[in-house]
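As structure tokens, one chain now follows by itself in the form predicted on its own.
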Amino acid sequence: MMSETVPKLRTCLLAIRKFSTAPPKVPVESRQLAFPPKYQKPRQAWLENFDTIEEKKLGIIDLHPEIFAANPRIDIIQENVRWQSLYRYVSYAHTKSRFEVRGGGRKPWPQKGLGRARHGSIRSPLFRGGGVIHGPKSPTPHFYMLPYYSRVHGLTSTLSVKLAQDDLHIIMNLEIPTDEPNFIEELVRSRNWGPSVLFVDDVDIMPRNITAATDKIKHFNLMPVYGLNVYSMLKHDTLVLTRAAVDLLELKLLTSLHKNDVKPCAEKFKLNQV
């Protein structure tokens, strides 16, 4: 009896597996994480395609928790935004001192004998139309250098916030089949990637099709890894990283977080800010 039942059960299981609507098991891409975390598990994100408008999940990729699951320090993010907003700002407000105002070369009245206060020039700051004391002089730059680790933690905090808000997507590469702007616009619209998108690759020479397609679309921008910054990530709704960009970004940031020779590295950025 048992000899007849077992083959029937096998046939039933094979039929269930064949006609089952359950999604297939998605492979997890194994990555050798640099500086393996001791107390945190790696974060995971979908690896998506970029060559079709329809979204396809190619697998799951492990992300280092020190980069993509850091404590979101809002104060450090604000410091980075303020630093980036001010380092290119130059004030051109200018006032004239008593030596720059036209006129006032002679003494307005004698020193003694008239009962009036003694003055040597009508361009003194005490007179109307005279010079200004301690007024602004142009050009006045507002550049200052943010500490090294404030910049590093600003990047890790912003990347962690983007991943937590589901605004960070990882693709294989930036190759698309056409250079028509309609293709990339429809792709972003169908995947709900938000109005503005920042595409990041590991090199600064992007593929021709993606460069031509986004050339006239002002809210789609391309950027290499070495130019990634807090202000640009916050300015765009969605951050799209290539697979190679993730590897390079993790390597650079983890090296900066775990290095013990930061003083000579930051020496060239040191300014006299007294």
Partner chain sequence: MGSNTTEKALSMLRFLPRVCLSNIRPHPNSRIRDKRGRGQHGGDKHGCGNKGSGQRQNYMRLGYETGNNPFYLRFPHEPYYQRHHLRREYPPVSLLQLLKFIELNRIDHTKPIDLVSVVNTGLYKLLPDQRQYGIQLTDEGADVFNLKINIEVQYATEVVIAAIEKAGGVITTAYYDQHSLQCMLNTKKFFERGVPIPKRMMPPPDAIEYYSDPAKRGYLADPDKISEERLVLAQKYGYSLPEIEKDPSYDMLTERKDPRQIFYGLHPGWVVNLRDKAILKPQDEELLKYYAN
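Residue numbers count along the first chain shown, from 1. Treat the numbers as computed from the prediction; the structure is a model and nothing was measured.
Missing here is the form predicted in complex with the partner chain; even so, the following discussion is about that form.
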Item checked: the partner chain contact in the predicted complex: R43, any heavy atom under 4.5 Å -> yes
Next item on the list: With heavy atoms only and a cut-off of 4.5 Å, decide whether V152 touches the partner chain in the predicted complex.
Entry: no
Margin query: If we define contact as a non-hydrogen atom of the residue within 4.5 angstroms of the partner, is D237 a contact of the partner chain in the predicted complex?
Written below: yes
Margin query: Against the partner chain in the predicted complex, would L241 count as a contact residue? Criterion: heavy atoms within 4.5 Å.
Written below: no
Check: Can you pick the stretch from 92 to 100, 178 to 186, 114 to 122, 67 to 75 whose heavy atoms fall within 4.5 Å of the partner chain in the predicted complex?
Finding: 67 to 75
Item checked: Listed residue (R82, K107, H142, K137) with a non-hydrogen atom within 4.5 angstroms of the partner chain in the predicted complex -> R82
Item checked: Sole residue of V161, M172, L146, L198 within 4.5 Å of the partner chain in the predicted complex, by heavy atom -> V161
Check: Quick one: which residues from 212 to 233 get a non-hydrogen atom within 4.5 Å of the partner chain in the predicted complex?
Finding: Y231
